[in-house]
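Look below for two forms of one protein chain, each set out as structure tokens: first structure 1, then structure 2.
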Structure 1
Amino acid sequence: MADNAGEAQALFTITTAHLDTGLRGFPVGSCMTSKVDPIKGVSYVGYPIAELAPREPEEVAFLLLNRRLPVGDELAAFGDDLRARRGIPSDVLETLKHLPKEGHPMGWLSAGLLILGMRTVTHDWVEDAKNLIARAPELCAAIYRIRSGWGAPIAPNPKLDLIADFVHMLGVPGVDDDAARTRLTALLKSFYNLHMDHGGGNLSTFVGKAVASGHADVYTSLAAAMDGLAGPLHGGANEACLAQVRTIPTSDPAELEQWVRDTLASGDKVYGFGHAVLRAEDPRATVQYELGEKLCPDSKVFRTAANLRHAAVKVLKENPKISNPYPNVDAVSGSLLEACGLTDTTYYTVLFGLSRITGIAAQIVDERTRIRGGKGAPIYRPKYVALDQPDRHIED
């Protein structure tokens, strides 16, 4: 579409068969940060995700915000800029202590974003986006520490990079020597890069942009986006997937096939498999399988997940209604997090959210300040076809 800006082009013919299909495939907007090819998977501003996975997270965040990689001292300057924006007011952290401990961490993240916004919003799209990207690690670390009873929140260390500082602020019990911290930091850097963005139409991003189209601020929009991410068919699949893998009593390939058949027959999902757009193994999963072979080749859950990579595909392929039988980004991420000391699955989607906040914030900035000559997209208002509602009148 960008090739012919301003010219109307027939991208899609809409028929009644398209109603109630979750907007699947409907072209509704443009996206400058990333593209999802059904076979090749996601690229950020043209760069394949596998090439970006090992880079510094600040470099990848800069790419999404500026639609080009940093040159010269731009990366250092961007890192310094984010560092200068860190710091959450202590009363925000204090308020978190009153949230119900039985609430899911994604509820805490959504509430935390709203509370942080109440205290720090500037109503400038770019400023709020950058402030939020810089402060989200402290918010997520505080959620972990307060909710799981690890202790008081740990203050940011201005000498550390974004993800090294996140690991410092997490203070994960048991991850207390330099080697363990370095391992966790390396994993979370890769995890952050892999999860940042996935095209314009994924549920959480779409919800975030929809809320922002009503001119709600970045924090409010991101809280709504995180509510969208929370469900087990979307970001919540990383929690559901490892929880499911842990219940599998075998890593034997033939027995795993039977387990997949039984799971489908019971009406349950095979979490970590399938996708609304992808039609091949997700390159983000490929990167993580390779990482796991280096990081934790002997871990029981990793071996089960690695064998499911083939066993599940074989069985899911037999079911013609399943459009994509291949592993997605959530297929193995939990096994790697567990191997590096983050064992509580209920927080895994917060880690997904921490990263996705960056991509969604970048897309909100684009949609609010760049498109339509800087005017921004109008308020979202798709059409729903009214069914079974003939004109009626109340009779006295």
Structure 2
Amino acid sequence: MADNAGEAQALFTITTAHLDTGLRGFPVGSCMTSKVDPIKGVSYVGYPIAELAPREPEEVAFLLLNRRLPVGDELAAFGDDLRARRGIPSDVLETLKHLPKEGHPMGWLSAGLLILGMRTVTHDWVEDAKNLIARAPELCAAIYRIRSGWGAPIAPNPKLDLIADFVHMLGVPGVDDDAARTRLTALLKSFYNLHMDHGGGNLSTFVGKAVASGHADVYTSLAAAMDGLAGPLHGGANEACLAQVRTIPTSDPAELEQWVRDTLASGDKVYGFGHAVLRAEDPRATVQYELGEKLCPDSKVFRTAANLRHAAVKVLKENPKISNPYPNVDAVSGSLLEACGLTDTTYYTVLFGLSRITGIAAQIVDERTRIRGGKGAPIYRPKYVALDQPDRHIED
């Protein structure tokens, strides 16, 4: 803690060169749910993400909400509690049918959260957070089915756990046998755990907590957070990675290396490599590469992404200006989703949002009910420095 405090203190010497840099690196608050170490990567409440990835999502959600893993019957009780909270009012689902089909699914998710909040908000931070975690899968599945024209929303199955029920409610065309559903469920459980939280300062989390600091309810705050997540520089990155992988004409390692060289020489980027904080391979990517070898090793799109992992790193390492040549979480996630049957890439950020809703909701609960001895964090009010604005008067 002393080292962190010293680091924070050192960063408080601010010059004009620090302005208009997106607050990058400036400490503005505390986070009790997760952290990002440049070498070790993401951890939740001290547990490495690789250890949590294969756990049940309800267990990881419990961890973020309570800052400890469940013991004894607590996991079963928490799962039962979430099941009891499921169910979206029918008029909310009916309202979704009137949203413009040409709108991006993230716009639908933001609108859906606002509409759901209007109907179900309790104005209790903890209750609303748990309700939203329980109901978000049904909302996201309904968006997928209604917007894509796959048919009416599918009702929740109370016998299934959180993500198995989500797969059931998605009803993905082509994923209609037990083996395909099992494969997609395994992928989405891992995907959910890996994307749930990422420190306190990423854009979507920061936006959600900032809106909540004005005492807007959890639904409104998460809608704003999803608007922050929607951009291609944040939640939409895996879509861009997959789009590039689809254009690569080969999965041969030697040919991929030459493709990387040619791509960089042309001035283009190789998407999915590098990270603002990490200086080693993102452990979330490592988990996904290993999962892909189990779930879809013969998929062409996965094979290309998996072999690109080594070819791109080899070439990028040759540039001394590149501080992190390693793959991040987006490098392979889109390829895995497509290989397991989810081919609508515009929906991928919604899957990211479904997971991140849990982490942001947990952080909002902390900021509103636990920080500063339970008083909660004050309303966010950063200072902007007025530059080049001399005093002026209108002359007659």
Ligand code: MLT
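For clarity, a rigid core is taken as the largest C-alpha set superposing within 1.5 Å between two forms. None of the values given here were measured: they were computed from a predicted structure. Residue numbering: sequential along structure 1, first residue numbered 1.
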Pick one: which is the form predicted alone? 2
After fitting the rigid core, is the C-alpha of residue 316 off by 2 Å or more between structure 1 and structure 2? yes
So that I can tell if residue 169 moves, could you say whether its C-alpha shifts by at least 2 Å between structure 1 and structure 2 after the core superposition? no
With a threshold of 2 Å on the C-alpha, tell me if residue 252 counts as moved between structure 1 and structure 2 once the core is superposed. yes
Quick one: CA shift at residue 267 between structure 1 and structure 2, core fit, Å? 6.5
